[in-house]
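First, one chain by itself: the form predicted alone, in structure tokens.
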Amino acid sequence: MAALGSPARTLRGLLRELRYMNAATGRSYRDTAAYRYLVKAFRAHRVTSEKLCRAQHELHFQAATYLCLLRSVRKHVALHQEFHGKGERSVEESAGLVGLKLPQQPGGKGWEP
């Protein structure tokens, strides 16, 4: 199994992602059902006096996987907002983006005799 780090670090990461998600609403992340569920689950699966606590390891692996998903979605949304196209551009604007200028038509707009 790959190194997951400590369960406390994973819990802190999950709570940080909850804060990011609730920042837009203005509500405290501690008022959400997700926060209550996470804290309850991590408290219920603390390391006991057993040498191998399989349920605790399963919870930690699932939590680390979910944390990776939440971080990836947040970063994807940020990248999408930054680099998403703004719609179609005119030929002049497209040429200007790459540092080119369109040739001027003789006599103004078109080929007028």
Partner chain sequence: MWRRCLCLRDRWRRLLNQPSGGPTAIVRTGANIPSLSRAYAPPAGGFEINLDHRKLKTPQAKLFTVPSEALAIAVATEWDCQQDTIKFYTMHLTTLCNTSLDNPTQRNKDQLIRAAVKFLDTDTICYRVEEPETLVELQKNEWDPIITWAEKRYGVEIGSSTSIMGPNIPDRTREVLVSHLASYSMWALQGIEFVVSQLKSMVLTLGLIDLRLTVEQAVLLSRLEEEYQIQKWGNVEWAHDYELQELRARTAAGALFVHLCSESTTIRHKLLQD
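What you are looking at is a predicted structure, and each value in this text was computed from that prediction instead of being measured. Residue numbers count along the first chain shown, from 1.
Below, we turn to the form predicted in complex with the partner chain, even though it does not appear here.
Novice: Classify Ala24 as contacting or not contacting the partner chain in the predicted complex by the rule of any non-hydrogen atom within 4.5 angstroms, answering yes or no.
Specialist: Ala24: contacts the partner chain in the predicted complex.
Novice: Classify Leu18 as contacting or not contacting the partner chain in the predicted complex by the rule of any non-hydrogen atom within 4.5 angstroms, answering yes or no.
Specialist: Yes, Leu18 is a contact residue.
Novice: With heavy atoms only and a cut-off of 4.5 Å, decide whether His57 touches the partner chain in the predicted complex.
Specialist: Yes, contact at 4.5 Å.
Novice: Looking at the partner-bound form in the predicted complex, is Tyr66 within 4.5 Å of the partner chain by any heavy atom?
Specialist: Yes, contact at 4.5 Å.
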